[in-house]
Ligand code: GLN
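Only one chain is given next, in structure tokens, and it is the form predicted alone.
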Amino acid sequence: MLTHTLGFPRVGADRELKKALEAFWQGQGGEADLQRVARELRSRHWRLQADRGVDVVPVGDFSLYDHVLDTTAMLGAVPDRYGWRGDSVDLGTYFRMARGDGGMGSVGAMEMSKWFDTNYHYIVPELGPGQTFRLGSRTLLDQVDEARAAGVRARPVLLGPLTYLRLAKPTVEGFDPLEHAGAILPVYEQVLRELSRSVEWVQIDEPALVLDLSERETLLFRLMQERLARAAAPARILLATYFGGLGENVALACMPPIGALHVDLVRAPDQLESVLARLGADQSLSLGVIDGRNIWRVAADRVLAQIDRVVGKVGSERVMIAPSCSLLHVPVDLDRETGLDPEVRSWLAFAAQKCDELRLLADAAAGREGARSGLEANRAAWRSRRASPRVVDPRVRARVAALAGRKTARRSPHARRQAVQRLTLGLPALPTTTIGSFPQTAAVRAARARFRQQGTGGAAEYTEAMRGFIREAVARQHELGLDVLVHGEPERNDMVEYFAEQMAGFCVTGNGWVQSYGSRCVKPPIIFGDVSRPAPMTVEWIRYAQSLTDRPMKGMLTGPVTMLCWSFARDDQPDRETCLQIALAIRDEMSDLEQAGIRIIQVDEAALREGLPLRHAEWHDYLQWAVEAFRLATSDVRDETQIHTHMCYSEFNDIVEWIARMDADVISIEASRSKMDLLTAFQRFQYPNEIGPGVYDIHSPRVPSVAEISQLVRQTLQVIPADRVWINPDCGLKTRAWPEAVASLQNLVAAAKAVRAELDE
């Protein structure tokens, strides 16, 4: 019974990859330095997994930016605007696709979107008519050679062709990327033929199989898998599915050319029986029994019963044990969390500990004596978690129970609120604002670090330092001429972690870094108990910022769905219950901000679309409670208080009606990388409230020109009436430097003024 993983975190326990990437981009290190760090990380992670008892480790899961972008490079599917004509996709071209060119008016980056229902962002492939493909990168092949030289029992990982095509966007309206199924297969076949000379198995990731597939996609998958299996021979294919159940695609996943099938039994344990019923006599089954997306310890006794059931049916030699998906979505090593509460810490497992759990399960399933102590420790941790009084708060539960049947609507319809808000706020046409955060400079981070070290003794110094940064942010916004200001969020390390540190039921880590995209890493908080807000969290900072200006100052909060989705959530109660608890905490903060005289409050729900179930049949239930939670958090304010929300990098076409039901007065969305494609959804539905489509991409160092922004605003006005349009970037500016942020915002304000003048003509 082999143990294996589908993928491992890339950035390193100390974010070594992040630091190397940013040094390279800033010209402080060369390509050789970057590649050296990458090799060291790969080697270290292979050794870590093997040393902890993982029998087979993945190779090719490592990426310098994104594994979907790596596949684009492998296929030579580089968009023409990047001018690539070489034999191999060089690092400069690779990073231009991911980040765009620096400087004004240069080539923009490719679009980003969320990887299924995770908070990981991938670079969206662009496919159009007449496109040709050829092997453009040997990165995977080179890494396999590297692993073999290191003595690693390696299994190469490829993103499957169906999933790649499903993730792609057409460059021409009406074109279906599936048209290129036949064109990309020769490149896959070439890679598989080379791999087959040195490996026994190749892992092909097809998470698209947990989605609703069309008849055409089903047929194409069959044809593609048959060709891939022939090209890979004598190596066999491990087909990896995850993030949900196969449903009606189970027979498709068990088709004969496939040597082994991996299924996610954490997200979809009920699929096991149907998979066993269709598994071929010569096929192996990989059981995804350890949660690859969350940090709770495995329930070993329950999982062992599951494994025993499968072994009894197919035999241990045809069974593999693995995490449910790649461990990309969890931090590297719990052993580094020396500051974490010991009780909560005993309930957790990060990537390294999940490797230990794989070994424990395999040994226990085989009846090895050495597994006994590990099982007893696992049982003790679970008893501790179930019995801990810190998990359940009767007052919070009573408050949620009292919500049954309660109305969560604003006091007046939007049209009436809009009229009142216009009189109160006195804003011009096409008002300008930002999404919330300003650059987190070295000075800002150093001030926060000093306060962490000094504790309460350094509170006065810390407060004055933060006020200084707020004064600077307000002054810069005055100089720029922005209409609605923000305080810049210098006190916030992260839009979720900051609030989690101040709420009961949450805890935060010191080194629990997880990759979000490229070099961007976050530390998701952990929700271990019932959630409440012991005291105001933002009021004094926003009140101080408002005292510096007579222009409207936005209060900035993170919404309940985003707090839930961007944390490691509880697995012992429904997400709806946790989300409503968070919503009540945010509701309390909203009330305090309003009483402090703040007339605009933004409640970010960047994760609303991300949390959407992958199967359409499950959408309604999720959207109902997600929208309910947002309305619960935001509805108890006066008509003159303007509620904003922000969403980023998601496809909204299918849920725009539900976004309207949130009834935010203003929604800001990412739209610049997609060249305002998202606006078609709001046009078709005739979205009734106000909207701020992001007019420039903050995830790239590139500074957009006035002409470029003006054109995007004009495109918006063809879809949305001018009296309902706001002008803003597509996300917060914390990851940018002040010079590029100021230059971009100067052009944003200039573009807004230019288009206003056109409206007055």
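Everything numeric in this text was worked out from a predicted model, so none of it was measured. Numbering starts at 1 and runs along the sequence shown. The term rigid core refers to the most C-alpha atoms you can superpose between the two forms while keeping them within 1.5 Å.
The same protein also has a form predicted in complex with the named molecule, omitted here; what follows describes it.
The closest heavy atom approach of R155 to the named molecule in the predicted complex falls outside 4.5 Å. Looking at D604, you'd find a heavy atom of it within 4.5 angstroms of the named molecule in the predicted complex.
For S437, a non-hydrogen atom is located within 4.5 Å of the named molecule in the predicted complex, even though that partner is not displayed.
Interface membership of G60, defined by any non-hydrogen atom within 4.5 Å of the named molecule in the predicted complex, is ruled out. Listed residues I727, L69, V54, C731 were compared with the named molecule in the predicted complex; C731 is the one with a heavy atom within 4.5 Å. A heavy atom within 4.5 Å of the named molecule in the predicted complex is found for exactly one of V474, V627, M495, L287: M495. Of the candidate stretches 400 to 408, 604 to 612, 242 to 250, 386 to 394, only 604 to 612 has residues whose heavy atoms lie within 4.5 Å of the named molecule in the predicted complex. Annotation for 551 to 576: the only interface residue with the named molecule in the predicted complex is M556 [heavy atom within 4.5 Å].
For N294, the Cα coordinates differ by under 2 angstroms between this form and the one not shown after the core has been superposed. A displacement of less than 2 angstroms separates the C-alpha positions of Q131 between this form and the one not shown, with the rigid core held in common. Core-superposed comparison between this form and the one not shown: CA of M556 displaced by 2 Å or more.
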